[in-house]
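Coming up are structure 1 and structure 2: the same protein chain in two forms, each one given alone as structure tokens.
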Structure 1
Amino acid sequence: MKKMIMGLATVALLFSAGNAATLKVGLASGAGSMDPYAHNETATNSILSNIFDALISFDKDLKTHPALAVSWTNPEPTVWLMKLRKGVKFHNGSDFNADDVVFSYDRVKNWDKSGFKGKVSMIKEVSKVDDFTVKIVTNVPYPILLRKLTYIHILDKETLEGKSEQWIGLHAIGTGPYKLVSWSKGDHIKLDANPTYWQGKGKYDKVLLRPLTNNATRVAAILSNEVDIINRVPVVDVNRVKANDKLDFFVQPGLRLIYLQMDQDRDKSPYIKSHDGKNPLKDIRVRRALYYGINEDAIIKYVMKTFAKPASQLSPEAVFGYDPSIKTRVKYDPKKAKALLAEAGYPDGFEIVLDAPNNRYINDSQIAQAIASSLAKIGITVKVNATPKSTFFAETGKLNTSFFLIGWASSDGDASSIFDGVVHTFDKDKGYGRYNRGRFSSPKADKLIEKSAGIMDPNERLKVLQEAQRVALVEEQCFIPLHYQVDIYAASKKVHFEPRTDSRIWAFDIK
């Protein structure tokens, strides 16, 4: 009898050990592909970062660390010699070496459906020096190369050569802490720990990633203990999660800025009706009036239920380029706004349409509604046109808008992406300003932005970036910053979880 009980106890122990070793994560969004170059978006990047490594990695505060590259030198400002980690193996047993790096870089740059071309656009050439050294040559001195390299997951040349796009899209073979076991699209991704991972084996033997895209479903899954962690806790459910004593609750300042762009290009803007028929947004006093006239505190309190941080500039504090001298947002001041409008010749305001997506950002269309009621108080009649993201991005891309709400995440941890992509004058040939859809243009800011790209000294570069922001935002009021989103997570008290600035859930970090 005693033996039997002992036996049962052992079996029970085995079972409980087996259970404790599976980490279950409920995600707001699933992966589009197992090909790490197919979709450059947070959800897919987050999932694949468990399977793949890059040369460089971000820690949870967006600092760069050696990963598959162990050290690097700059014999010239445009040349990077990188020593690679030895003894690393891909999940199928083949060795990692310089050929894999050259192969991966080629595929990122030349595959016609690559979503990561923007990350390598400044790289001229990657070549093999010896088996464990590569040489990277950039077009100009390129200080943020390391940050960009964190996005390029390294693929195995031996395995992938000659394989079809479809095959690569289903089979993820990396060097990362977890191996892909199975992917049932829309249901789950199963991962097993890689016992020979170069940083050691992860604490959890198995990881189950489940896309639970419906908010209520995701919350139910953590409340009923079926998953250990969820991301994007909807603000309406925060109190239910907080009230549960088995759960921890996390708020992490995010990287995404929510802001307004204004048509500053056309003399007659398609969705503005003003008494003189002109486009009032070309006048800086009107743009400032909009800034003063939006009650952002009320938006954060009532629309975002306090889960957002007021934005006074283009990047949050975690991003390189942040300017501590523009720490606080201008105070809501409808009187001053009205005075500025009167000064510009619009004492009775004007009519305008505010475009916004309704399924892209947290509470996006409600924010637009709140802005409309705010601006009504200074005499501007705002009609909100909220559309699905599929329509919204296509229409703003065609400049079929006068005034719109949009977001930007500086996911490199460096402000250069918002400067190149949004602040700089639109220039198709040089690749600037694709998201500058109000066509803001300041030659002075452009010059500073272009200059900042080639400065290797971080202190000097920071100064130039801050100057560019001062010119664009303070002097010219290029956009109207509203707030930064925050990431909200819930996790079982059984797991030790720390949120990351880049919004990824990296199972290796979870103890």
Structure 2
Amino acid sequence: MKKMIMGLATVALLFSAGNAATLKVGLASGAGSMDPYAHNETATNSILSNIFDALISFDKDLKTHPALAVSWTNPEPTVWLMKLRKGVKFHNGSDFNADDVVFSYDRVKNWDKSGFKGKVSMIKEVSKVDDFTVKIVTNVPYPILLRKLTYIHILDKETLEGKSEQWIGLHAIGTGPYKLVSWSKGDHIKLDANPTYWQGKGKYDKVLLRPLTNNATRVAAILSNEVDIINRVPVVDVNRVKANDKLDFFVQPGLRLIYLQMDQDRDKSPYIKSHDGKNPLKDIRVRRALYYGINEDAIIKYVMKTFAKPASQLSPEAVFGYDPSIKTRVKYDPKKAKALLAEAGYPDGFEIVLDAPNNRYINDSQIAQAIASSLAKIGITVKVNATPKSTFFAETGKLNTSFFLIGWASSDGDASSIFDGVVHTFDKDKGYGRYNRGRFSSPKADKLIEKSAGIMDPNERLKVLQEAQRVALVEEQCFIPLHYQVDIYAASKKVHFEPRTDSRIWAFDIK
């Protein structure tokens, strides 16, 4: 396949091909796969939520609602009976039933490349009771089971059983409001309305999703009416967008934490040069020095143009697990940072490479450059390696990094998301720590994280989650929190668009 370089005129031609019933969305990031279990990544999850359904769904404010499951009971502390919706069909005409649910959960849990193992790690067994009833057994009483079920999109066993992972990664067959017509990775996704969707047919006959990863191209597309909605309005273009009387402008407090992970495992880290040849990041004094040495207030003011909120902890206030006692972020203090470096044996600092994506988060590469500039003032020489997200995630996933900027959103509204996926010690079999690419490990924090999963009383559970954060972040400096992103959108006044707390653009919501 030949690569095509498309200019704005070509983009305009593609977008104008639709009719009045076509919704056109310009996205800052595209889908990594059509396999809903391959990447636990917000951009991919958002796109695939238009094609697939889960047993439970969220509304725009993260409240749970029935989806493919119409009701449920919890007859024993570790047993849930889920009654399934009847009369639902997959996009290819196959009937939805309990066999599809059992097949889907088995694949999520046992496929070695599954990005969602941590979401089902507390599920012991999913079994069929009858065609429209499944029994879910958890290892311990599990208070947030319904929230975790929102992550697992249901696949068609009849079609997919026996198919290769490559085939599944290209063919999305769901029960959702829109069905896949075509996908050209990095270029476009075309969807048609599902006429038999159980909630009724969507307001738009067709949806065209196009990754417009270049900020200037994305803004030009919304300003010239070539798309109806864009996400991630660049902060430098906010005034231009707000000045256009044909557009609505939206600022939505986000769930995403932008933070730094560090190699805390290897004695010699591949992208660090220190006078003693050791990995200084294993020393908590060095990790704390980095925290004190980053001028986050300046990053928010000059890089983010105030469209971000300084982060003092791992989750924003909207997430269950937030600790009001850690409201204030560590104050920028280069003198204290230098003193900690000297105490750790690095008075002259060291050299390190900071990896970052350049097309995934708002101003990601610029944030990395600002961090490098800030740390230079405490004697640490930082070389920024900013690459496209496909390269960045592949390399950090192979642990081919020493220090990197990344983001995480607890999209189910519960802090267990970041604790299970990023903070807990890496455990391939149990699905813990899949995204803990700095290999931080704290047995004390692990114990608290696992304990929290089985506490049914919300007040008691909140205390344990808060304690886990104090251990991991405050006592052991697992990561360096920077800020919470603010989601910024622009939409034509011809469409009725309301931002969601989870950052998803769900076409069925849009009228």
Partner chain sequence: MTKYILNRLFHSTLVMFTISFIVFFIMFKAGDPVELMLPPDATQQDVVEMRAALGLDKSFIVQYQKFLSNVAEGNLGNSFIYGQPALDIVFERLPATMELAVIAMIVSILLGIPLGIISSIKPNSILSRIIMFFSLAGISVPVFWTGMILVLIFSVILGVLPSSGRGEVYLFTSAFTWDGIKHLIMPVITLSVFQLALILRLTRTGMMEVLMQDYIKLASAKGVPRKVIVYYHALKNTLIPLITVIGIQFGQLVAFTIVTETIFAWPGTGKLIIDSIQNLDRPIVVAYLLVISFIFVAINFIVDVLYTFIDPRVRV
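Quick note, the numbers are simply positions in structure 1, starting from 1. Computed from a predicted model, the values in this text were never measured in an experiment.
By the stated condition, namely the form predicted together with the partner chain, the first structure is the one that fits. Relative to the rigid parts that move between structure 1 and structure 2, the hinge contains 486, whereas the other entries in 170, 486, 462, 395 stay over 12 positions from any hinge.
The chain behaves as two rigid units between structure 1 and structure 2, and the smaller unit swings by 25° against the larger after C-alpha superposition.
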